[in-house]
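Have a look below at one chain only, the form predicted alone, in structure tokens format.
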């Protein structure tokens, strides 16, 4: 009961912070979605860092260390690459978004290619990827609350309560609520992760190095990459694909719009890769749990952090850990809800009803927040294997937006609207087929060398995307030039 009260206390604090964040502001679409483009380095840092510590990394990071061993380190690598690339990528995106007054990722594509229909396509891809991502956050929240409370709060009720909290403060305060809640979340998660990652190996093994030696002695080769399957080829291709997709998630992309100026991104790009290293301590927990709480099979490995915490600590600290875990669901979940609702209102409804005013669009976006939340709740309880397949497709889906985005940043137009749209559609189609059928590169071409067969299957979709994008661009360049589509150069630095 003590642990449960501590968790509920953190949820209440998050709700109060989220609601109070709107004080003194008129929550029009500009304030609600991008904070009036007035956030400084600290808030932008916390919003961007929110993508590091979600329930996927809090539970899944330790779970992968527990169940997979060495391959788990891919989670550490791709974020560092993405944050480094943000030094150049995000300022270019921010300049264009500020000049055009954009509010969503779909707005960016629609404006860059002068095509609301392309914006609608990007919105559909984004929402298709975001809904299962939100489901993941809600399921993680339910697991955390249920485990730390000793099942005093059932899994289903924990999810419903968390969804209600999310919907309320997102509707009321938008991105301001997410920013202030992230202050609490990142402060708490930093303390919890460092405490667990340092204390547990010392408590059970006498240090981090002895812990690694004990794991290696019990499971030889567990801490290295295997020769096939999750091999070095799989590792490198997965890291690169994930890095390309990192800022293609609509909520991460839109978070960049909130910055006061482009120097914010360059300052944060220096610090964020170092902040990513904190994930090492999450892995240390998972590796420690391998020998301390053995026997967790399959997806139960994701419970390793919670199981070793409840085994080791007093209830009050278990509650602190649970509260930190709940916040890792609430912050990214709030951004996902807001981004989904904004794209549905502005980039789908407004395409059908172009006369809709911005004020009415803002009201519609807020009204759609509980609708998206209810859809996510439905799939949380009824999705089964289908939602798992969709979740696996998520990163590969949003990565299909990367080629068109990158080429659109050139000073002269390198890709046509038709080329961008057809490339995205082709890549998305390949991702859907390969993921739902479970086909690997080795399955497509069993005669290839083993390192090639181990490539992440998302590489195939990205290659198809690029080939189609290039071919259609060559075929339609003259036609679109005749129609007089204007080039959209990046603003001078």
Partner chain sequence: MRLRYLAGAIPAVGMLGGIFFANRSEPVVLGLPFILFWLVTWVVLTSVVMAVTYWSDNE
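Positions refer to the first chain, counted from 1. These figures come from a predicted structure and were not determined experimentally.
One more form of this protein should be noted, the form predicted in complex with its partner chain, which is absent from this view; the next part is about it.
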query: Contact test, all of 157, 215 and 292, partner its partner chain in the predicted bound form, heavy atom 4.5 Å; finding: no
query: Contact of residue 402 with its partner chain in the predicted bound form (heavy atom, 4.5 Å); finding: no
query: In the predicted bound form, residue 96 touching its partner chain (heavy atom, 4.5 Å); finding: no
query: Contact label in the predicted bound form: residue 203 to its partner chain, heavy atom within 4.5 Å; finding: no
query: Non-hydrogen atom contact residue 224 with its partner chain in the predicted bound form at 4.5 angstroms; finding: yes
query: Stretch in contact in the predicted bound form with its partner chain, which is absent here, among 80 to 88, 128 to 136, 310 to 318, 359 to 367 (heavy atoms within 4.5 Å); finding: 80 to 88
query: Proximity to its partner chain in the predicted bound form, single hit among 152, 209, 183, 410 (heavy atom within 4.5 Å); finding: 209
query: Contact residue in the predicted bound form, from 236, 188, 414, 377 (heavy atom within 4.5 Å of its partner chain); finding: 236
